[in-house]
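There is one chain below, alone, in structure tokens, taken in the form predicted alone.
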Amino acid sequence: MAAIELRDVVKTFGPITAVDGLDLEVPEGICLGLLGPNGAGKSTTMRLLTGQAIADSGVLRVLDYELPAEAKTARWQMGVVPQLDNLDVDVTVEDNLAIFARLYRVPDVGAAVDKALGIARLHERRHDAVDELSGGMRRRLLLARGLVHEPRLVLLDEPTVGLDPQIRTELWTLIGELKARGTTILMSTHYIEEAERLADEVAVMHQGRIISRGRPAELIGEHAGRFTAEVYGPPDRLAETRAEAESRGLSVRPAGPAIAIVGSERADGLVPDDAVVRAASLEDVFVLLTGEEAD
């Protein structure tokens, strides 16, 4: 059974179409990374799945419940980690978890809170006020709060946005442990490395729909080939090299001060000796498909 099934879903906000004929299926037991630039429709999709927004049209099923009619029932079995910090700063770390455990009618609140604190590694801060926590600790508490009722499905909406690299790596470790336990995860992100590290499959979202999907290695092989050559030089040299590469049917993208010839193994002598040749990456795929620079 699919944990999530969306068919031809449309959601508009006035003249803006945020989700445009979206088809998305998430099998149970996998981590699917919903990868796309800002404005691609990722957060709107998350709000549709949690019943915070109602689709204009299309079919939505979560854990075999029809949305929006059965959204409340489905929500009881879902854990949600929002992009924005909405923790209650007037109570302690422990109380934040206990309140959610009671809302979800967890039979043993104390045991659930202890387990969630262990997952987030916050046992020593359980009696602290939330506003005394660092940004990384608050994100860990958000994750723990979403897991306190042991949900079948977890939605992570940009789980590490705005965090420094060290704290982001800590969150990745926690999410990796959750994934190892077999929990179904849908994670929206615009961080390439986050999708590569955590997702079993990646669905690239752009302008409100999925434009490609597969395991990271499959997407790279399909869209970017084996190697990418980064060519540096003055603008006129780069423009000339780009024009020749594109005339041969090769994909070329900007790469900071360079241009990147994707699939350069097919360049047939075009790549200059001073180019930097590397393995093709998911970032190459992302930029080619969306036209957006990656983070």
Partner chain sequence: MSAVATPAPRRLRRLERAAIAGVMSREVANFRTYWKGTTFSSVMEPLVYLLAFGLGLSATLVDEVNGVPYIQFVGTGMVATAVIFSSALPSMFGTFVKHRFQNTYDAILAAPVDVEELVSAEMLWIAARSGTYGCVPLLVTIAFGLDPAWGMLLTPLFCFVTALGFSGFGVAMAATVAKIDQFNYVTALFVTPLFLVAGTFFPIDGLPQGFQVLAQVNPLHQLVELVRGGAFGYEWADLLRFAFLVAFAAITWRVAIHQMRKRLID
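Please read all numbers here as calculations on a predicted model, not as lab measurements. Residue numbers count along the first chain shown, from 1.
The following text describes the form predicted together with the partner chain, which does not appear among the structures shown.
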**Prompt:** Just one of Val161, Ile167, Val80, Leu133 has a heavy atom within 4.5 angstroms of the partner chain in the model of the complex, so which one?
**Reply:** Val80
**Message:** At 4.5 Å between heavy atoms, is Ala69 in contact with the partner chain in the model of the complex?
**Reply:** yes
**Message:** Although the partner isn't part of this model, could you tell me whether Ile211 comes within 4.5 Å of the partner chain in the model of the complex, counting any heavy atom of the residue?
**Reply:** no
**Message:** My question is simply whether Ile54 lines the interface with the partner chain in the model of the complex - judged by any non-hydrogen atom within 4.5 Å.
**Reply:** yes
**Residue contact check: Arg61 to the partner chain in the model of the complex, 4.5 Å heavy atom** = no
**Request:** Just one of 171-179, 190-198, 109-117, 217-225 has residues with a heavy atom within 4.5 Å of the partner chain in the model of the complex, so point it out.
**Result:** 109-117
**Request:** Report yes if all three of Arg47, Thr50 and Leu84 come within 4.5 Å of the partner chain in the model of the complex by some heavy atom, otherwise no.
**Result:** yes
